[in-house]
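The chain below stands alone and is given as structure tokens, in the form predicted alone.
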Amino acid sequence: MNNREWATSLLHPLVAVLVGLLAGAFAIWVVGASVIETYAEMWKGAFGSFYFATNTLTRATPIMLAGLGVALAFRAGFFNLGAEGQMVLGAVAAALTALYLPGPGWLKLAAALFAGFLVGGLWSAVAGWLDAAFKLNLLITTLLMNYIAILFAGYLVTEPFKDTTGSAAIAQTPMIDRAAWLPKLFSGMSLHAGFLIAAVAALLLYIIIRHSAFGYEVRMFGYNPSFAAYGGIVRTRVMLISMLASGGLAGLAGTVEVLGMQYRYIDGALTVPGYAWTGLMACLLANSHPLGTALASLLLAALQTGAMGVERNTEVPLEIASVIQAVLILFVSAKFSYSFWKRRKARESHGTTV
């Protein structure tokens, strides 16, 4: 991919959000509110103060990590729709590791981060193995495995590892020891070191995909699997490594939420906000570009936190963010439909050489 194409991938999230904001402006005008005032409140809710800006970055952190995981798999041509289940299993594995591993706090923290990455990665790799061994469709298996992971995690915090010291109505693990928490970046703010992990992951993934031998194999499989196989690249190897790393990043998304925000695993706390699916949207908006995915994650998080400010200070409901996100989904759908149409036309013109 040349520099112009990479720059285009970075611009896609900005263009998509602009289109979404225009549609949102129309919806605001329909309900009789001031578009300028509403968007001013949205900006204030997302970046209007240092406190609000750190809240936006905090919300962007799990979205970014989940989106990067999906982006890696998509870049290699493998459709991983299981980020939500991988995130949940990674989170519960990290919580249990931090709770029951003996040793000092720094060891518990490091082990919990590793456990979250490993468990999320292995759960994703299982889907890759099913594809390689039994030709099961990767898109379907990863999607259905979400339900298994979420229900299994729910069972763990409802029965064997439930916190019985507090309210019996909440399915959750006991509180993790403070020494194993991710440190806050600023005193009194919600932003934690997980954001730095996400930022470093985006940069490393970009470097790996762009400048490493494995990244070359990933790009070749994403562009043309037949040519990659003809060139001696082994599909199973690339798929398993890609799915392992993809699921690991998704597992890390849940891990940093547990260690940096919730300090325990709470059933439903990761699935209700839709972090994984927002990460998927960020990945699609950025054409699976790692840095573009990070930027899109930040924009989508700002949209969500800004909408909360709109609801607090205007008569416009929180659902305005849903309207804008719906338009973004339509934008992504239209882009993929156009790409599919172009490939089909090219195939009709040039036969099987495309």
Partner chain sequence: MEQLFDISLLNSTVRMVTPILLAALGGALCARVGLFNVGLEGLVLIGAFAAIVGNHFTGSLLLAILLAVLCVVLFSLLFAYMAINLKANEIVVGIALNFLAVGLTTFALRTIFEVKGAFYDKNMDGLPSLTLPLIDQIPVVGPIVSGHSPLVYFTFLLVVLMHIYLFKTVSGFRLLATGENPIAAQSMGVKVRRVQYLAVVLCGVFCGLAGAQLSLGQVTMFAEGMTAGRGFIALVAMMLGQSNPSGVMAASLLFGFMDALSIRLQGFSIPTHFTLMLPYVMTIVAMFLFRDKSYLQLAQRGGGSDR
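Throughout, rigid core stands for the largest set of C-alpha atoms superposing within 1.5 Å between the two forms. Numbering follows the first chain given and starts at 1. Everything numeric here is computed off the predicted structure, so don't read it as measured data.
The protein also exists as the form predicted together with its partner chain; that form is not presented, and the subsequent description refers to it.
Participant: How about residue 327: is it within 4.5 Å of its partner chain in the predicted complex, going by heavy atoms?
Facilitator: Contact with its partner chain, yes.
Participant: How about residue 260: is it within 4.5 Å of its partner chain in the predicted complex, going by heavy atoms?
Facilitator: Outside the cut-off, so no.
Participant: Going by a heavy atom distance of 4.5 Å, is residue 190 a contact of its partner chain in the predicted complex?
Facilitator: Flag for residue 190 set to no.
Participant: Although its partner chain is absent from this view, report whether residue 121 comes within 4.5 Å of it in the predicted complex, heavy atoms only.
Facilitator: Contact check for residue 121: no, nothing within 4.5 Å of its partner chain in the predicted complex.
Participant: Picking from 291-299, 52-60, 313-321, 35-43, which part of the chain touches its partner chain in the predicted complex when contact means heavy atoms within 4.5 Å?
Facilitator: It is 313-321 that comes within 4.5 Å of the partner.
Participant: Considering non-hydrogen atoms and a 4.5 Å limit, which listed residue (105, 154, 273, 174) is close to its partner chain in the predicted complex?
Facilitator: Of the listed residues, the single hit is 154.
Participant: What is the one choice in 241, 148, 199, 170 with a heavy atom within 4.5 Å of its partner chain in the predicted complex?
Facilitator: Answer to the contact question: 148.
Participant: What are the residues of 74-88, in order along the chain, with a heavy atom within 4.5 Å of its partner chain in the predicted complex?
Facilitator: If the 4.5 Å heavy-atom criterion is applied to its partner chain in the predicted complex, 74-88 yields 74, 77, 79, 81.
Participant: Given a superposition on the rigid core, I'd like a yes or no on whether residue 46 shifts its C-alpha by 2 Å or more between the shown form and the other one.
Facilitator: Stays below the 2 Å threshold, so no.
Participant: Residue 303: after superposing the rigid core, is there a C-alpha shift of 2 Å or more between the shown form and the other one?
Facilitator: Residue 303 C-alpha, core-superposed: shift of less than 2 Å.
Participant: Would residue 57 count as moving between the shown form and the other one, using a Cα shift of 2 angstroms or more after superposing the core as the test?
Facilitator: Superposed on the core, residue 57 moves its C-alpha less than 2 Å between the shown form and the other one.
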